[in-house]
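Have a look below at one chain only, the form predicted alone, in structure tokens format.
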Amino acid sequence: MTTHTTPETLIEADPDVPTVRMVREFDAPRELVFRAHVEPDLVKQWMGPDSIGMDIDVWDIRTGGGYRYTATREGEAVAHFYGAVHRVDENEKIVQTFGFEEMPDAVSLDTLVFVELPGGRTRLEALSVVYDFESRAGMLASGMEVGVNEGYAALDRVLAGLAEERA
């Protein structure tokens, strides 16, 4: 395994299937990484690019649950996101849809897998399946990479704070 001084997120678009795969490792136990995905107060601290805030209407991450939130910039709504949660296996997996109101045909089915690694670390593996290549191109062109990288850097900070609370 290669050691990095800064975490890197792998983002892959399959040339044959309209999917996006993301992989990122965190220096935190998977229970904390999972918790940071399901507790709305934690999610608000890290999800998305640094320049965007988040107003959560619903955040019910359980089998049969759902979510809806608004991305904000300087107090103004800039985008709306929503989805249905199909399955949650605590500390292991979340399967959900991801919709973007401003691009209603670009709904994806997302699977997040939380893999426990040695040394109290976690690998997050996410796979998004979209309807067609055009929808995937729109997803990739939306600034997703910046949001993912800045969001995961913020998640590193949230996880460090949670680890300190546990100590």
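Everything numeric in this text was worked out from a predicted model, so none of it was measured. Quick note: we count residues from 1 along the sequence shown, nothing fancier.
The discussion below concerns the form predicted in complex with a further copy of the same chain, not included here.
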**OP:** With a further copy of the same chain left out here, work out from 35 to 43, 49 to 57, 126 to 134, 22 to 30 which stretch has heavy atoms within 4.5 Å of it in the predicted bound form.
**Re:** 126 to 134
Subject >> Touches a further copy of the same chain in the predicted bound form: residue 151 (any heavy atom, 4.5 Å) >> reply: no
Original post:
Does at least one non-hydrogen atom of residue 71 fall within 4.5 angstroms of a further copy of the same chain in the predicted bound form?
Top reply: no
Original post:
Though only this chain appears here, would residue 79 touch a further copy of the same chain in the predicted bound form if you measure heavy atom gaps against 4.5 Å?
Top reply: no
Original post:
Though only this chain appears here, would residue 118 touch a further copy of the same chain in the predicted bound form if you measure heavy atom gaps against 4.5 Å?
Top reply: no
Original post:
What are the residues of 139 to 158, in order along the chain, with a heavy atom within 4.5 Å of a further copy of the same chain in the predicted bound form?
Top reply: none
